[in-house]
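Read on for two forms of one protein chain; each stands alone as structure tokens, with the labels structure 1 and structure 2.
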Structure 1
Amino acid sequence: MLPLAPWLCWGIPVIGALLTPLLAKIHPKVRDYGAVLFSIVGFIFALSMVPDIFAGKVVNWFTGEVLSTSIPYESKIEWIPGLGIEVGVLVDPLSVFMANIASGLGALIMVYALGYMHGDPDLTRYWFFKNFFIGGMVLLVMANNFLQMFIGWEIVGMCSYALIGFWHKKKDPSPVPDYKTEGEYNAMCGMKAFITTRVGDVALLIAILTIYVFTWKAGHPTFNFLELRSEEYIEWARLLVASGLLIPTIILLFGGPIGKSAQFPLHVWLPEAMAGPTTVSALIHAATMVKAGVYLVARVLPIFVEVFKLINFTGALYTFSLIVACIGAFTAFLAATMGMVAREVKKVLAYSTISQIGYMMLALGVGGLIGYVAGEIAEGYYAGTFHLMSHAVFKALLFLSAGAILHATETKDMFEMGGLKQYMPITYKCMLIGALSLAGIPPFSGFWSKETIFDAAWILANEAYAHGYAFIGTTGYILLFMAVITAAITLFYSIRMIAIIFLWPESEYIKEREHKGEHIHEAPPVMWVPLAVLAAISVIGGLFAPMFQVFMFKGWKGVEVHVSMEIFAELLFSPTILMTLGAIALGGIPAYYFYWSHKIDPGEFLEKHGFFRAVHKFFYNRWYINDFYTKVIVGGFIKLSLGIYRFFEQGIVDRFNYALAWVVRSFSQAFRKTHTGDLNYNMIAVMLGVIAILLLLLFG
């Protein structure tokens, strides 16, 4: 790697963020290109770690010094050694992989933002938070301990909040009647995202501190990932089991991913997060930040497997994995149904993001369950991370294409578009590739990764029955079934989205714009080149599966992987391929009739069939979960606060306060004269204090 790459790959974007206001003083152009340059340099440093992982040893390229002959490699500085607090980076396949996803897509999207955000008056703020986000995200994934990871976790949360509400000054009418302007609405969306994820973050923090307290009790306080799983310091886990807090702790630990990755029941913030600029949605709310939760689960899962094996308590692994898998599968289904009926193009993509992250959680949970029944989590772990990669690419592609469309048409509503194929051919091709990849159509990358997940669930069911775990086996089939149904729905809404935007006849709105002379134009090269790059990766991404597998399992104990093409054959001839084909038929045929060929008008169809209308309404209102939260949690909280306000605050506290205020006021009136506002007198008081201390020393 390049010297100090694990540090600089997040240090450089952070420095770039801090320098942005200074560069802005020189010239706006310097600021724009400077910010992009910093993110690209950060990416180069992140990329330079990849060959080290493949080689299995860490080498400084400039001096030729071998820093470590094995993976993982850890570089750390002890800060407060007695408390086990340190600052460090961990170079292992997962961290390098995530760092490359974050900084690579970050750099690409920064380039795209040069075109998309061109001319915005608040660009300094934009570049600052964007670079700061990339730095924070890479810090999160490179961290070698929970504490530092949590710092990164909070940085990305803060940047997400600031960037969702980026256009808080907009004066257009609000899309929701509760707010006056669109700016206010945007600010509210940021707030909602921040508060909802905060619920999960608090749970995560409690879990981290619980683990820390128990490592303290075991005599070696640490946050370090490697030390937590090492046999030498395993005593903390035994104490944790003995105290009965293990299961609550690992469930609370999963609370962080639930919030950050928008899983049920905290998924409600992500659709609102689309109020930000599309580049922000693409980078933060599709490709990287929402993957932080998946990263955390993938990070702790191997630790849990090892630790629970060492202390002979694999039941905890079962509980944890089952929760992860079930929440993942349910979220995937839930969000997909919402995506089926959404009207705004970015909302469709948001729902599909939630749904696809559900897939990743499902895969990791399935991996954990296979680990429980057969002792090896590699299958599910690989499926989850592989889907993470392919999803990051094609979802960023979809968002950026949507951004190009929004940029050209200046509307968010899909039904106000239509017929854009003739105006924006490049964007159409790129978005089509993205959508097909999302839907899991062979041979795009999404097909291979999704197929791997189905395969993992299939293996789980078979292994469980073979080892005599009937319940887990049944669960495996149910999970597989939900995943397949979700795949069908995914295909349905992908086709719906593409067809409505590009193929349907032009809407009144577009015609009016054309009439007024505001012609819809293809995106400029600075925008479509990143699109084309992402589209190319989406097409051929699946081919890298064998190499990816080798990469991910470098340094794993007991897993030997070689580059082989068998992996494709295994997938193509596994029984799950039939289910995939079935899903394609199930989702594709209705979608073709409703939207692609437009033989049946969906609106008329809903008019005719009351049942589908009810279902549509149910889905469109997001299963009423959002309303439920607003009514019960927000409303309940306000009611409770009002009650407390009336009876406790006004009745007791206020009266006490009046009395207190009266006492204080009389007191201060009496002593007012001593407060001269004069430094000299204050210093004389200090001298009196010194005299008192000296007297104490003498006679005390």
Structure 2
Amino acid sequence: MLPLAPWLCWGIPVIGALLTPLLAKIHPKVRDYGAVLFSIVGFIFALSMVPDIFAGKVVNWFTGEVLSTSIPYESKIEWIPGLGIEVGVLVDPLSVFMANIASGLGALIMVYALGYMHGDPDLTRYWFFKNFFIGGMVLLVMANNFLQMFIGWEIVGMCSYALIGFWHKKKDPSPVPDYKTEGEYNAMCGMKAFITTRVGDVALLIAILTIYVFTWKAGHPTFNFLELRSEEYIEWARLLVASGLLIPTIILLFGGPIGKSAQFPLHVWLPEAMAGPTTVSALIHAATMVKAGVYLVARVLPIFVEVFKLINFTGALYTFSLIVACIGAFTAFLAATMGMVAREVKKVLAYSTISQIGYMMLALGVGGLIGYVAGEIAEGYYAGTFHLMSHAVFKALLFLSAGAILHATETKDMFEMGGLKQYMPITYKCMLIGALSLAGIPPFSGFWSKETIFDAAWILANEAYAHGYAFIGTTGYILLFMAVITAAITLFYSIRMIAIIFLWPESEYIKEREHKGEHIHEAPPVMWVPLAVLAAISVIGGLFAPMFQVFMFKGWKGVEVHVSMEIFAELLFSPTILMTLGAIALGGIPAYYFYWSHKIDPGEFLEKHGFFRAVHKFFYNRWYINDFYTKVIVGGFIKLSLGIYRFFEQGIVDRFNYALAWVVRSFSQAFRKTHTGDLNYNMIAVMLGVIAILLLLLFG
């Protein structure tokens, strides 16, 4: 790798962010191209670490010096030695993989933004937060300890808040009735994302500090990932078990991923996050930030497996993995149903993101359950991380394609589009590839990654029954069933999205724009070239599955893999392939008749069938979960606050203050009568006082 690559891959974008205001003083183009250059250089440093993982050792590319003969490799600086607090980086397959996803897609999206954001008056602020976000995200995944990881975690949260509400100055009419301007609505969306994710972040912080306190009690205070899983430091886990806090702690730890990765019940912020620029949606809410929660689960899962085995308490692994898998499966299904009925193209993609993140959580949870049953988590771990890579590419492709469409049509509503295939042929082909990959259609990358998840769930069910765990076996089949149904729904809304935007007749809105001379046109090369690159990767990405498997398990004890094309044969001849074909038929056939061929008008169908109209309304209103939060949680909190103000503050505290003031005032008014200002009365009072003192002295 390049010298200091684990440090500079996140340090360079952070430096670029800090220099953005200075570059803006020089010239706007220096600022724009400089911001993009910093992100590209950061990616080059991240990419330089990939050969080291394959080689199984870390080598300085310039000098040839071997920094480490094995993976993982750690570089750290003691910050507060007595407290076990350090600043460090960890080079292992997971960190390098995630660093390349974040910085690579980040750099590509930054190039795209040169065209998409051209002419925006607040570009200095935009470039600052984009580079700062990339740096924070790479810091998060490269950190070798919980504390430093949490710092990166909060940086991306702050940048997300700032970028979602980036257009808070807009004076256009609000798209929702509760706000006057679009800027007010955007500001609310940013705040909603910030507050919702903070709920999970607080839970995560409590878990991190709890683990640290017990490492302190064990005599080895540390936040370090590698030290937490070593036998030398294992006493912290035994103390946690003895206190009864181990399972609550690991559940709280999962609270962070639930919030950051928009999983049920904290999924409600992601659809509103679409208020930001599409480049923000592509980078933060499709390719990188929402993957932070998946990364954290993937980071702690191997630690939990080793630690819980050493302390002979694998029940904690079972509990953690079951919760992760069940929440992931339910979230995947929940969000997919919302995507079926959404009108805005970015909302469809937002629901899709929530759903696909649920798939990744499902896979990692399945991996943990297989580890509980059979002692090895590799199947589910590989499935979750492989789908993460695949999804990062095709979802960035879909969001950037949507950005090109919004840039050309100036509307988010799919039903105000139609007929765009003839105007934007390159965008159509790229978005079609992304949609087919999202839907899991062979041979696109999404098919192979989704198939590995189905296969992992199938393996869990069979392994559990073989080892006598009937409940886990049944759970495995239920998880597989939910994953297959979700895949069918995903194909349905993918076809629906492509058909409405590109194949349906032109809407009245498009016709009116054409009549006014506002012609729809293809995106400029600076925008469609990144689309073409991502589309190509989505087409051939599945072919890298064997190499990716070797990469991800480099340095793992007890897991030996080699590059082999047999992985494709195993998936194609797996029993789950029939379920995949069934899902394609279940989702594809109705989508074809309703939207692609338009043989059945969906509006008329809903008018004739009251049950489906009610289901459509239920899904469109997001299962009323968002309304429940708004009216019961938020509204209830406001009412509770007003009630406390009226009955406690006004009724008790204020009345007590008024009563106390009245007593003091009354006493003052009564006492002031003794002070008439007449010298005779004053002298009489003095004499009476002297007599009283003499009597006390005489008889006292």
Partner chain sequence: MSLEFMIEVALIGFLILFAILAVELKKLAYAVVSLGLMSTVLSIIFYVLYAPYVAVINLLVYAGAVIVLFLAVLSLMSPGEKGKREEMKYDIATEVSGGLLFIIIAILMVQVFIASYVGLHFVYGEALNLPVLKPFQNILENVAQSVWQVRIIDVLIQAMALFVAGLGVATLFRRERGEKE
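Superpose the two forms; the largest set of C-alphas matching within 1.5 Å is the rigid core. Start at 1 and count along the sequence of structure 1; that gives the residue numbers used here. This is a predicted model, so every value here is computed, not measured.
*Asks:* Return 1 or 2 according to which structure is the form predicted together with its partner chain.
*Replies:* It is structure 1; that copy is the form predicted together with its partner chain.
*Asks:* If I superpose the two forms on their rigid core, does the C-alpha of Ser668 end up displaced by 2 Å or more between structures 1 and 2?
*Replies:* Comparing forms between structures 1 and 2, the Ser668 CA shifts at least 2 Å.
*Asks:* Relative to the superposed core, what is the Cα shift for Met683 between structures 1 and 2, in Å?
*Replies:* For Met683, the C-alpha ends up 46.2 Å from its position in the other form.
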